[in-house]
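Two forms, one chain: they're shown below as structure tokens, one block per form, named structure 1 and structure 2.
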Structure 1
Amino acid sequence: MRIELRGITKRFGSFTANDRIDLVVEPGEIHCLLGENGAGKSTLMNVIFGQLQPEEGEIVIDGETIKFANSGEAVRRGIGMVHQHFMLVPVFSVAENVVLGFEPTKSFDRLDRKKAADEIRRVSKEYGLEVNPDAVIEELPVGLQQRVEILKALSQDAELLILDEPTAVLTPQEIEALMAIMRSLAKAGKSILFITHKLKEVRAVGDVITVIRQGRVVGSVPPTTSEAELATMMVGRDVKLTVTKEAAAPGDEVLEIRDLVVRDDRGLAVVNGVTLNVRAGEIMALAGVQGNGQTELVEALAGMRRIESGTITVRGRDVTNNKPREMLDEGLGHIPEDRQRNGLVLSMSVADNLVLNTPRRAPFARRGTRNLDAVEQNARQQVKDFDIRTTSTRELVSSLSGGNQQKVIVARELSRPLAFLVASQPTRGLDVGSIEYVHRQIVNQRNEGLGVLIVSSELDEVFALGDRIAVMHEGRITGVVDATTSRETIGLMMAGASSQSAHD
């Protein structure tokens, strides 16, 4: 399928999300759309998929001008879309999700499960997307859930596949697998629109890279274009792609974790005897493939998950099984892994989210009554200091881009006195400009004497920020090494080798 966008313009009130965008995707081509959070990428994809109607411009498919009234019409015309937040029913099986809305039936309009499963096996085999048709979605890892989304589009004969920020929640291994799938689909003649803000990914998999900034096309370039050039096109200024920091000068121990055991929601011991310490003025980076207990460890540190055994001490004080409010009082700053679920109240304003951890304290409240002037004054100052892009402090935080939502959390956590900071996947889903900003803020905190624990599945981030690196595998620490350790050694530790055997 050849698809051409001519002068697409989409407005929301006085705000122009897409401004006269021209774009061409050829058959068998992986066309990457690169841009910052809030640049208008997802809006454009929703226009192509019929979920939004443009004010101006036209879509031309194989020489014919098309106007979709809804996404159903786009699907019937051969366009499939894998959304950033998966559109799957968690309690349904793979087969039930793939055929949802297009169910094969037998007598009495019952779902023909065998026919559905057979169709999935056929498409799976054809495109190398192996998945069990009978598996329940909520029991599958994120990478396989995404595979189901792709299968759903392919089973409906999609000739153009739109992948909207598909790697935001994937591990490095899952990202490699996805790229292999994309190459295979392109080789089979499918057209692919790959929307992302990750520079390495577009250079690794793209045939053409189109950059948009503030709703406009900046240019289309080949994948040989350097990361620095792409970053400048995205942001409109030079961006430092490496973290500049001096050697750490660690002081006293501020956080000690000793023999910690924590269970997950299934009752399994996913943190199994972890011992770790963080000193003032250093960044300890915790590496590992996601799903090896890092999430539960951070939840235990934040008071969000019960500790079965072992201890946590902060500046010599035992805080084991403290409640979240008590951990805040001990000086914890927490940037959570899932910003929308655990870091923000989406139905509240930017101003209110900026005081979520101190809403009843002076100056934001007096004698049980909120001081709205103080809340507003704080919000204006934080929006300025942390460069939060918002039309108003009263704007709902749900309407901000992912990068600006993350800035709200960073501003809230770093704008009060802290003893230590725990940041879990702090730049997940962020563009290069926002990553540069968050990294700089974290390093500034370390330079001011804060103890910092960073949890990241991105090795680039681990090496960029860590003064020491700990690796977690199957609920245990396989070793703690300095930041000069090779990637190969860290990779072996992530696979379960101890630091000593990995060096050997």
Structure 2
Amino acid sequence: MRIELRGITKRFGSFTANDRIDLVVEPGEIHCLLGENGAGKSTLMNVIFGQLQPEEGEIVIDGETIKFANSGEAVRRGIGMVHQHFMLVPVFSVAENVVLGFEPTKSFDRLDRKKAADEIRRVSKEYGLEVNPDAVIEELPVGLQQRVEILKALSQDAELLILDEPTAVLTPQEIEALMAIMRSLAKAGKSILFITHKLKEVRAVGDVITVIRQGRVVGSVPPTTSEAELATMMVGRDVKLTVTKEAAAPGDEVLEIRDLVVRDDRGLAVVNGVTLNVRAGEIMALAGVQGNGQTELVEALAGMRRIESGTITVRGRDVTNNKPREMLDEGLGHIPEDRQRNGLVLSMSVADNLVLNTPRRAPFARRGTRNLDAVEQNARQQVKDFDIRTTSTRELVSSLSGGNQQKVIVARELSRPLAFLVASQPTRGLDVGSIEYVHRQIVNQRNEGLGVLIVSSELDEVFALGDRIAVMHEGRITGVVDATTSRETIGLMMAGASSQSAHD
């Protein structure tokens, strides 16, 4: 499918999210879109997918001018889309979600569950994206939900596949697999629009890279363009792609986890005897393939999941099975893995979300009455410091771009006094410029004595931040090594080898 955008303009009120965008995707082409958070990439994709109607401009598909009234029409025309924020029904099973809208039926229009499940098994085997068809979406970690979202789009045999940041929560292996799929689809003549903030990926898989800044096309470049050049095009200034970190000066232990056992929603002991400690002034990076118990470990640390046995100690005080409030009072900062589920209230304003877990602290409230001036002032400050792109602090968080939503959480957590920080994929969905800033902030706080636990499946982040690296596999820590350890060794440990055997 050849798709051509001519002068697409999309406004939200007085704000112009897409400004006269021209773009062509040829059949068999993998076309990458790069751009800062809030540049208008997702908006443009939603316009193509018929979910938003542009104010101006036209979409031409194979020579024919098209107007989609809704996404159903786009799907029927052969367009598939993986959304940045998944469009899955939380209470439905994986199989039900994948076939939703194209349900295989038995007599009397009943859903043929078996056929649906078989279909999922077939597709997931074909593409190497394994997932249990019977699992319920809301019980799955985001990484697995992402696989489901991708499977759903793939199973529809689209001629044009739109992938909006599908790799933000995938593991390196999964990303490799996805890129292989993309290449083979392109070879078969399908067109692909691929959005990612990871420069390595666009260079590895893209045929053409188009950079968007503030709603406008800056230009299209070949994949041979260097990462530094791409970053500069995107942000409009030079970006340091790795933070320069001063050597850590670790102090006392702030967080000690001993023999921790935690069960998941199905009752399996997915954290199975974890022992780990984090000292003040150091960043401990917890690497591991998603689904090896990190999610549950972090939930236990945040007081959100019951601890079966073992202990958690903060600055010498036993905080095992504390409530979330008590953990916050102990000085826990928490950047949750699933921002929209646990980190934000989408239907509330940016300002309110920035004080979501400190609404009662001075100066935000006095004797039970909120001080909205202080809340507003704080919001202005954070929006400025963290470069949160929003038209106003009163704007609902739901209207922010994905990366800017993430910045709201990061800003909130890093701007209050903390004893230690537990951050799951803290830079998920952030552009290179913002990653630079957030990493700098985390390192600065660590320099001032904050103990940090970073949970990430992203090795780049693990190496960029970690002073020490712990690797988690099947509910256990397979080893704690220092940051000079090679990627290969860490990779082996993530696959289950102990640090000893991995070294050999």
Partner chain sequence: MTENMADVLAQADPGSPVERRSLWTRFSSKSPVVLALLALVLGFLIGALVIIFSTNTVLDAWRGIFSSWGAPGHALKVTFDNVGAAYRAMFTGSVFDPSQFWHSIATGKQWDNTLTPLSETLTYATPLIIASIAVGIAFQTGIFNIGANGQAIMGGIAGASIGSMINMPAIVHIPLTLAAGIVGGMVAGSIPGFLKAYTGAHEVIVTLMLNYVIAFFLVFVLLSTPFQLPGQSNDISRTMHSSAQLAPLFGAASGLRVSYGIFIAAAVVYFAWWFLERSSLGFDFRITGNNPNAARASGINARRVIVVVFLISGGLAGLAGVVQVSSTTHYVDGNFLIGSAGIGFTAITVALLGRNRPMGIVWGSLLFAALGVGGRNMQAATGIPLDLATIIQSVVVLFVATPVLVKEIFRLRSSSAQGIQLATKGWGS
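All of these numbers come straight from a predicted model, not from anything done at the bench. Counting starts at 1 with the first residue of structure 1 and goes up one by one along its sequence. Superpose the two forms; the largest set of C-alphas matching within 1.5 Å is the rigid core.
J.: Would you check which of the pair is the form predicted in complex with the partner chain?
T.: Structure 2 is the matching one, since it is the form predicted in complex with the partner chain.
J.: Any chance the CA of G281 moves 2 angstroms or more between the two structures, core superposed?
T.: The answer is no, as the C-alpha of G281 shifts between the two structures by less than 2 Å after core alignment.
J.: After a core superposition, would you say F49 shifts its C-alpha by at least 2 Å between the two structures?
T.: F49: C-alpha displaced by 2 Å or more between the two structures.
J.: Align on the rigid core first; then say whether the Cα of V217 has moved by at least 2 Å between the two structures.
T.: No: V217 shifts by under 2 Å between the two structures.
J.: For Y127, what C-alpha shift in Å results between the two structures following superposition on the rigid core?
T.: Here the C-alpha difference is 8.3 Å.
J.: State the core-superposed CA shift for A95 between the two structures, in Å to one decimal.
T.: Looking at the C-alpha of A95 between the two structures, the offset is 7.1 Å.
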